[in-house]
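Only one chain is shown below, in structure tokens, and it's the form predicted alone.
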């Protein structure tokens, strides 16, 4: 473990830019901490923290000089690796001939600074969907540099500890930082992370600094905003497809798609074709979509999931159950964004806990009636 003072952290940002990376980091915009292109440490949210709850988010001043005393805003790396709108191909008609060209591979190289462990895990989840079949995603993913930050300030809706995805970075990073007074402890996770660290003028961390770094994430684990019992989640949800709780949550759910838009792992998308007014050029574009939209399940006979109940059940069951069948991992990393950014404050940990409390009662009642 190494130690990097604040000047060294500034050198890190400058070195990433000098190597041709577009540095993406947290910054304050429109009352939230969002990920955007930054020019250096001056753009980071120094002395800012978040207060998060179901359907509630606000920023507060801490009165100190910490750069990472917050959990996360609505953004994740998904928006950059899997853009909300991306041209897939262009078809051009010239002199009676039709030419179809795939979109060129992206040239941009990102350096993500400040990703939390939950978001690093989320990238690995999306890899299972896009890394093999999507060359543009794969190129952006493989050519990016990842600087994780071990979380010391979980949000009020976070439950990464329950999902085994945080608060300490365990994988998916080139460098992992822990913010302490006066600087950062640094752990390399890859050979390119070690190589870059060697240029920054860091020193070996002292035993006291290593202990302080461990205490940061230990404290975060104790202050986690939410807890979720994960034992046999697929079985629990499969057994309770007709649980009355689905009707109760549907009476509140607006099917607004907010939860899927801020989720760092949701990958639903649609393909839209467009044509120029003169009919000489057509484009095929991929856009983010949501299983909460009624038309998302549209088939020739009509819409499959017409009710809010069916769409919420589909989303929650896919996220915590059938995703495991498909990809070998949960589709939830416990970031809690879906809770924070739900306009009516629906809490997935609360909904699952309510089903668990009455697990099997519906089936027993049906047997008695029969």
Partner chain sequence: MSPKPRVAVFKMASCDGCQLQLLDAEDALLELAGAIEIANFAEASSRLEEGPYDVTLVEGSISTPEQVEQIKEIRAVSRFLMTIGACATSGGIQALRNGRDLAEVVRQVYPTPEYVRSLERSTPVAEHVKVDLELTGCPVDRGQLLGAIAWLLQGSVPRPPTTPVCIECKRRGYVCVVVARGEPCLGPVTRTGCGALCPAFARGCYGCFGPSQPPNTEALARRFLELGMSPVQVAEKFRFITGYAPAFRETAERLEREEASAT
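Model, not experiment: these values are computed from the prediction. Numbering follows the first chain given and starts at 1.
Omitted from view is the form predicted in complex with the partner chain, to which the following refers.
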Among 277-285, 138-146, 94-102, 160-168, which stretch has residues with heavy atoms no more than 4.5 Å from the partner chain in the predicted complex?
277-285
Hey, with the partner chain in the predicted complex, do 31, 58 and 342 all fall inside the 4.5 Å heavy atom range?
yes
Name the residue from 132, 191, 254, 215 that puts a heavy atom within 4.5 Å of the partner chain in the predicted complex.
254
So the partner chain isn't shown here. In the predicted complex, which residue out of 107, 273, 204, 195 has a non-hydrogen atom within 4.5 Å of it?
273
Is there any non-hydrogen atom of residue 153 lying within 4.5 Å of the partner chain in the predicted complex?
no
I'd like to check something about residue 84: if you look in the predicted complex, is any of its heavy atoms closer than or equal to 4.5 Å to a heavy atom of the partner chain?
yes
Give a yes/no on whether residue 261 approaches the partner chain to within 4.5 Å in the predicted complex, heavy atoms considered.
yes
In the predicted complex, is there a heavy atom of the partner chain that lies within 4.5 Å of any heavy atom of residue 298, even though the partner is absent here?
yes
